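First comes one chain, alone, set out as structure tokens in the form predicted on its own.
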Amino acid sequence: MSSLPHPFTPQEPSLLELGTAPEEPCLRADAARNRARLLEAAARLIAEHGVAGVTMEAVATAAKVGKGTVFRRFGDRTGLLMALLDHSGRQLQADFLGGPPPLGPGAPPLERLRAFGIAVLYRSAEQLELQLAAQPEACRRFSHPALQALRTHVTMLLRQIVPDADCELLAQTLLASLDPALIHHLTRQLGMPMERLEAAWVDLVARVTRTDPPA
């Protein structure tokens, strides 16, 4: 494959603070406590009633605050649900930026890429209902900071494995196979076991990177 020019070389991202509105990157202590209280209330509602039970009104009632407080903190229901994904999203990013290998630094990039996809796959499967409900509309979906962080990480690993490829587009292709809606279709509608999806990710990585799958 011929070498392709790259318009930019992404740098490994710093750990993102996801789910906080751009205009308030650092919340005051009391505001942070209130935000945590609202998220705890929303998490209880999901545990008791599923994602469908999470409305702005229900969260306000459960947290014993006015409905306006919830809207001011999260904007809308999608913002609230996205905030609920914060903890696991930050934990996943911390794991692939600084956690133990093979997901974190210290393993060869090919092993890290395999481990990354498997980690994302199982995280999505565990939170499938919430992930589907929290997805932004199509025009915002691919520009969301959480997805950008994943895409940057995959692009950097690919550039270490197949530097002559268009790694930015290959990263998009790989991440598309981990889309929560696709995982829902394959596991819930078609009944495919997670082991099959895991094996398919390892096979896809081998084909994209022109490497042999692990023995």
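Start at 1 and count along the sequence shown; that's the residue number. Here, rigid core means the biggest group of C-alpha atoms that superpose within 1.5 Å across both forms. Only a predicted model underlies this, so the values are computations on that prediction, with no experimental measurement involved.
One more form of this protein should be noted, the form predicted together with the DNA, which is absent from this view; the next part is about it.
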**Asked** Of these, 42-50, 62-70, 160-168, 185-193, which stretch puts a heavy atom within 4.5 angstroms of the DNA in the predicted bound form?
**Response** 62-70
**Prompt:** Are any of the heavy atoms in residue 172 no more than 4.5 Å from a heavy atom of the DNA in the predicted bound form?
**Reply:** no
**Asked** With a 4.5 Å heavy atom cut-off, would you call residue 54 a contact of the DNA in the predicted bound form?
**Response** yes
**Message:** I'd like to know if residue 176 sits close to the DNA in the predicted bound form, meaning any non-hydrogen atom pair within 4.5 angstroms.
**Reply:** no
**Request:** Determine whether any heavy atom of residue 90 comes within 4.5 Å of a heavy atom of the DNA in the predicted bound form, and answer yes or no.
**Result:** no
**Request:** Could you check whether the CA atom of residue 33 moves 2 Å or more between the shown form and the other one, using the rigid core for the fit?
**Result:** yes
